[in-house]
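Quick heads-up: it's one chain on its own, the form predicted alone, in structure tokens.
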Amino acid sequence: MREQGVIETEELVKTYGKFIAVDKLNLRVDEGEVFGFLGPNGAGKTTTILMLLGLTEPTSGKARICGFDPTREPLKVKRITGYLPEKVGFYEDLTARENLDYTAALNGLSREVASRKIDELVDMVGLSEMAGHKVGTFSHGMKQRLGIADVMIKDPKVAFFDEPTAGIDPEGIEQVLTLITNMAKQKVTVVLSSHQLQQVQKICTRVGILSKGHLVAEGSVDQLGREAIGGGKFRVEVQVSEPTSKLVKSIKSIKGVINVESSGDLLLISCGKDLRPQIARAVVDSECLLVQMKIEEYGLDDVYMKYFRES
């Protein structure tokens, strides 16, 4: 029997009058995943997140966060989730520590526990030296890092981030992405909504692409690339000292190999699954020198544009 996902939706729908914002969404995200939620403005990403957080009610369908219904059990969901919106808001006349202390109090943490956790968190996000400064003096990147500390103060099981690197310099972006990756290593399930596709590809284990409320694609970037661009095939590029006819014939005889193209010292092999061990053996048995072998990788930019051209 399959274990329950940390996040699950079943035929989830949200309408505003005649406008369908989210249309029969079926989604599953497991513990410790960094799930990239992609799509243009108006695709339904933020609406979905708000339904999962219990901040807006679905029109129909079901949603579960760690087994809890956000509509019927909103307080239970809020206790185990954190949310960093695109425009993070703090009391700017309070210090970073005072803002975090306020969040801790709202979540029922004792003063002793709150003080210890705040010390740990401001250190984790690189704000120890600024913890006593008013947030109104902070740069956008510093506020984003403080926002991550604010999300983490109640030890959430699930964290939602909406454009967490928008308007941040390159160094700040790396810091934020590292912090999010480290959260996942601590078994926090992360949903990341962003238009920065290279950043999503860098840290997300899987992605889901929304278009007009529909989930048009879901899976790892490599899987989606094979499906959308590679026709469902694995493509292996092999560089050898001399691609003899004997070698080409040997590779073609491997079960699962669909096609072999030769160009100079390169062989481009299409196959139904990853056959690199079998291909390497064929090269050795054919007494050819294997220079390098790699499987074709797909960029999320190409995958994203492919799905939107079709939709």
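A residue's number is simply how far along the shown sequence it sits, counting from 1. All values reported here derive from a predicted model rather than from experimental measurement.
FYI, the form predicted in complex with a small molecule isn't displayed, but the following is about it.
Proximity to the small molecule in the predicted bound form, defined as a heavy atom within 4.5 Å, singles out one entry of S245, N41, S263, S253, which is N41.
The stretch in contact with the small molecule in the predicted bound form, judged by heavy atoms within 4.5 Å, is 42-50, chosen from 25-33, 42-50, 255-263, 65-73. A residue is said to contact a partner when one of its heavy atoms sits within 4.5 Å of a partner heavy atom; V13 fails this definition for the small molecule in the predicted bound form, lying far away. In the predicted bound form, the small molecule stays beyond 4.5 Å of every heavy atom belonging to C288.
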